[in-house]
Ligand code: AMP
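Shown here is one chain on its own, the form predicted alone, set out as structure tokens.
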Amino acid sequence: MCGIVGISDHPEASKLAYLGLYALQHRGEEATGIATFDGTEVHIIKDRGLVVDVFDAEAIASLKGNIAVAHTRYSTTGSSNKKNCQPFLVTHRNRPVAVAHNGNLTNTEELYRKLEDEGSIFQTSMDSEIIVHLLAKTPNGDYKQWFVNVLAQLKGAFSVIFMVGDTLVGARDPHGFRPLVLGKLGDGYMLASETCALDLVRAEFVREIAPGEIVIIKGSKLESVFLPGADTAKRAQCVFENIYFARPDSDIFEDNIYLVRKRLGAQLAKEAPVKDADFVMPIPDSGVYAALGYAQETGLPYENGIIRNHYVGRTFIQPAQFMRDFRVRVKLNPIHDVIKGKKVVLIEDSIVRGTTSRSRVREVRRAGAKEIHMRISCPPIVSPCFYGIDFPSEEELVAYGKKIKEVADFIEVDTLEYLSLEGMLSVMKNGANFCHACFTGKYPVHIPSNKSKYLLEGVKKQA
């Protein structure tokens, strides 16, 4: 859960990076940054805040150079403070190295201890900084072998973009947890988390970076190499990208997100119909596309009975609970004349902690709904994520250890049904290639036994 962008061989690199970040703002609202290289000097601006707040025309103009790497941050590893803003920049042997990372490493503690024993001094609490230290300590004559040697030491989820002087490097972990796409932009290339970033700047979509692939781009020249074992590693694409996180106009994991979510809704209608209802209504915006699929499958009318204030950001990706609660109250407003006296099928893509869903249900109830039948277009979330989605500890997950009726009582709905795991995977292209650990507790990459402490910030507190 972060957005990353890389631009190579373009005279407007900083402007294109800015626009790419703007398209990926949904992937993180806490902080953002852009680094460029003009052949002699690195220019970097990064700070907490939204893309439009951190960068103005003057700032973009000051970021000179034909190559750029950029990041919009949502913290899962490392606290939300200015020192943890990315791109992370160092100078090694008179060569600038900047990195933008999306995902979470799972062998953070092991690597941290090793590097610290070898004399490394850490400035941040991000696992991304570990990658930079590994780069500095690994022989680096040939770029291909250099990055293979470094990235082969990492375990867990990473889609990452490096700017090493005038060279852009992009890579995905062998399991393919997080998306990363390649576009053609004039004589150069663009890397981004999602295709919506390519669309905004009218870059031509070339392909997805394959799991385990490292692409090395210098000017208009692109080379590719694969990490050892990439061809045999179990695919573990994050299914929650499809359910919630990616933008609906993006194509990732060889599928269109809008169409995936409609298929999820249609499958949900087959598994959990409501026989006596007046209409289907989404919780905007996350439930809209599943609600469309549900309504079309059942033949029930579709109504937009809740209006979203689009000047308020996502509630789920706010790190503090009090901020989430506040944004729920100001973000959505039900239309009383549509809802009053009606039996409503309320569609949402997921329930995590349950407090947000309960607040929304209460607002629909206050608007006069006679009955509320909630349907969720994914299975119950019962396990935390260690690969880059901010699902909290098991105890904070409302579905953990509870029957569906207990969850329904907590969020105060008349009935509640979830999409089955089998039904969810059946509508995905190559459904066997997805990670669904948050629903099953079956983690495709080993998680340390002290998993509550594997984040780098926890390691540093122990040190």
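Just so it is clear, the structure is predicted and the values come from calculations on it, not from any experiment. Each residue number is its position in the shown sequence, starting from 1.
Not on display, but discussed next: the form predicted in complex with adenosine monophosphate.
Enquirer: Spell out, yes or no, whether the shortest heavy atom distance between I351 and adenosine monophosphate in the predicted complex is within 4.5 Å.
Expert: I351: yes, in contact with adenosine monophosphate in the predicted complex.
Enquirer: So in the predicted complex, does any heavy atom of Y74 sit within 4.5 Å of adenosine monophosphate?
Expert: So Y74 counts as contacting adenosine monophosphate.
Enquirer: May I ask you to check whether Y302 falls inside a 4.5 Å heavy atom distance of adenosine monophosphate in the predicted complex?
Expert: So Y302 does not count as contacting adenosine monophosphate.
Enquirer: Using the partner position in the predicted complex, report whether E110 sits within 4.5 Å of adenosine monophosphate, counting heavy atoms only.
Expert: Outside the cut-off, so no.
Enquirer: Pick from T356, S125, T298, S383: which residue has any heavy atom within 4.5 angstroms of adenosine monophosphate in the predicted complex?
Expert: Only one option qualifies, and that one is T356.
Enquirer: Tell me, which of Y289, F253, W146, Y244 has a heavy atom within 4.5 angstroms of adenosine monophosphate in the predicted complex?
Expert: It is Y244.
Enquirer: When adenosine monophosphate is placed as it is in the predicted complex, which of 93-101, 273-281, 133-141, 387-395 ends up with heavy atoms within 4.5 Å of it?
Expert: Single hit among the candidates: 387-395.
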